[in-house]
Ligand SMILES: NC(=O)c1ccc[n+]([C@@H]2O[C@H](COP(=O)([O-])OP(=O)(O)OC[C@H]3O[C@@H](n4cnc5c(N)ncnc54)[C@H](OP(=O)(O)O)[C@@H]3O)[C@@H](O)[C@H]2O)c1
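A single chain, nothing else alongside it, follows as structure tokens in the form predicted on its own.
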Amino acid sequence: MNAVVLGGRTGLLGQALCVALHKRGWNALAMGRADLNLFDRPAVEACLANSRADVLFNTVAYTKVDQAEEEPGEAARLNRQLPLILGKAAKATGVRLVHYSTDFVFSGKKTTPYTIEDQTDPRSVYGQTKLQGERELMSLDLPGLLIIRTSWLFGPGRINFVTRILELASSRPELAVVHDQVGSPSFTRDLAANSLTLVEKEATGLYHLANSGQASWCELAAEAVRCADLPCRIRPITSAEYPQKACRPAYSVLDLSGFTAATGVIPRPWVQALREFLFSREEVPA
């Protein structure tokens, strides 16, 4: 099987997908905006044809949540327009498309995990444009389309919330972290492997996928600092004490039952995944 992974060279999830694909015996071609004009549909179609791709994974997105409030046009270009172009290219070449979306499509007003049947109601430009991207793809009636909503990514290969917290905690006695936003942490290597399981099961449609369990940003930070055996204290604060331009869901835990029903796999708890990530980081030579 052959795959093209957009964002596979430098993206947090894209890199993990390339590793997972190689482990499963796939041929993976990592492509980014420096390698290919992703908005040039004929060029994308030529890339898919020349690589004999069976599946196109799109991990490219505008993810600067606060900056998107000031750059809605650029956010829409990457989060709405690009998926539409890729969907048309995939349809023209007969390639399956796997596209990643986000928990930000929800308002965060629920207190129980969000299912794929729950009404979307994004409160930020980022969430709105990602939802628009989903809808553009669904309007194409694309055979084999797989849309995976995920959240709170951490993993190797690029700076993320966990690595940033550890960097700060190594030089500070205390960090203040928001405790009233709760979601589903996702280890990129687990997310990538479970995504491939969905593909290999020929699943189509919309799925929620993360690690099991839930956490606040404060709980995730505290567990990371504890596992790294750092003396830094994590002090819980409210969102109001840490104002940001974009409105974030107060609760965006994802219901993973659809994934388990399709694959028979129960994602492991985020705490276990976090420990694997942190301990494997320690084994890498400085």
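Numbers for residues come from their place in the sequence shown, where the first is 1. All values derive from a computational prediction rather than experimental measurement.
Here the subject shifts to the form predicted together with this ligand, a form of this protein not shown in this document.
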**Residue (of L153, A203, A193, L166) lying close to this ligand in the predicted complex, criterion heavy atoms within 4.5 Å** = L153
**Prompt:** Quick one: of R226, R41, R233, R33, which gets a non-hydrogen atom within 4.5 angstroms of this ligand in the predicted complex?
**Reply:** R33
**Fill in**
Of the candidate stretches 193 to 201, 116 to 124, 100 to 108, 174 to 182, the one with residues having heavy atoms within 4.5 Å of this ligand in the predicted complex is 100 to 108
**Message:** Is L13 part of the interface with this ligand in the predicted complex - any heavy atom within 4.5 Å?
**Reply:** yes
**4.5 Å heavy atom contact, L78 and this ligand in the predicted complex** = yes
**Prompt:** Contact between T59 and this ligand in the predicted complex at 4.5 Å, heavy atoms?
**Reply:** yes
**Request:** Flag R158 as yes or no: does it have a non-hydrogen atom within 4.5 angstroms of any non-hydrogen atom of this ligand in the predicted complex?
**Result:** yes
